[in-house]
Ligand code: CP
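Below, in structure tokens: the form predicted alone, a single chain.
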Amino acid sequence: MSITGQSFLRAKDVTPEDVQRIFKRATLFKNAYKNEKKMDHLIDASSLGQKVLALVFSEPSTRTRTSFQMAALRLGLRVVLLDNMAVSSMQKGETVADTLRNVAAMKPDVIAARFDEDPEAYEVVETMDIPVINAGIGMYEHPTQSLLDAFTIMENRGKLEGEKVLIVGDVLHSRVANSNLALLKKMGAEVAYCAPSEFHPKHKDWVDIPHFADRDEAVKWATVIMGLRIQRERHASVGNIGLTVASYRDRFRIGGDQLNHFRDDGILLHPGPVNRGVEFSNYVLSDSRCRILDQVTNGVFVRASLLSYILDLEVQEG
């Protein structure tokens, strides 16, 4: 595999063949856990040794952080967690970049990192001699989220090629949207977005991507709808965006009326956390097509698969 022993910082770091291998092993792990409530028996102990995953999260996280922990522990890895910056040396003025340098100096076998916009810290993870997994960095990318999203689509829809994935919401500030655009296009899916003008993406990768102004027309087009949270914590850097939550909800929330236009075999996704009643209504969240908790479950097995490849673990493929 092309990323064995390598960092995984961007969706473009994997080939379509890599993605298929990751998905095949994630399915193996998921089935093993379903049938036997364990999956570490598939790992050759001599390849596992005393390998350690270090999690360095200077931004809040529930799903990604816990998912990486769960994936590592299910594999039999050891985990070191640094996610409370109030008890770290960052409270004394240490930068994120220096925190990462110091954690790397302790020689973990792989680091999963999440931090806000920080060019120096990003340069550090780009140049480390220890593999680093981007667990959500600023507004750049969140590539493991795109892997689990694509896995969930394939699991429910049977394929990725030709799927019509509609991304709805704060695309401008979304690292999830950036990674999904790159990965889904690589795997042959069509991507479009539906968002108010204030949230239209500005990066060149989005220039030729179709966008819908009309929510109902967008829903009719899609086989997959992916909602995004309004990322108010990132709006401060650009000042008043001139859009209220109420205005957004009226024009872009996916509710029961929109589901009337959505195909019966389509699926609804969201990377979380969901602001109920803003991106999706409560009715939508209880609809049988909603696969948000499936995404969370799949995150454990997809990240376990990715870790097993990066760490070159020997896995009994059966």
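Since this is a predicted model, take the numbers as computed values, not measurements. Residues carry their position along the shown sequence, with the first being 1.
Another form exists, predicted together with the ligand; not displayed. Remarks below refer to it.
Out of the listed residues S58, Q258, T64, S281, T64 is the one that sits within 4.5 Å of the ligand in the predicted bound form by at least one heavy atom. Note on the partner interface in the predicted bound form: the residue among R157, R114, R74, R215 having a heavy atom within 4.5 angstroms of the ligand is R114. Of the candidate stretches 160 to 168, 194 to 202, 137 to 145, 104 to 112, only 137 to 145 contains residues with a heavy atom within 4.5 Å of the ligand in the predicted bound form.
Although the partner is absent here, G266 sits far enough away that none of its heavy atoms falls within 4.5 Å of the ligand in the predicted bound form. Residues P271, G272, P273 are the ones in 270 to 285 with at least one heavy atom within 4.5 Å of the ligand in the predicted bound form, listed in sequence order.
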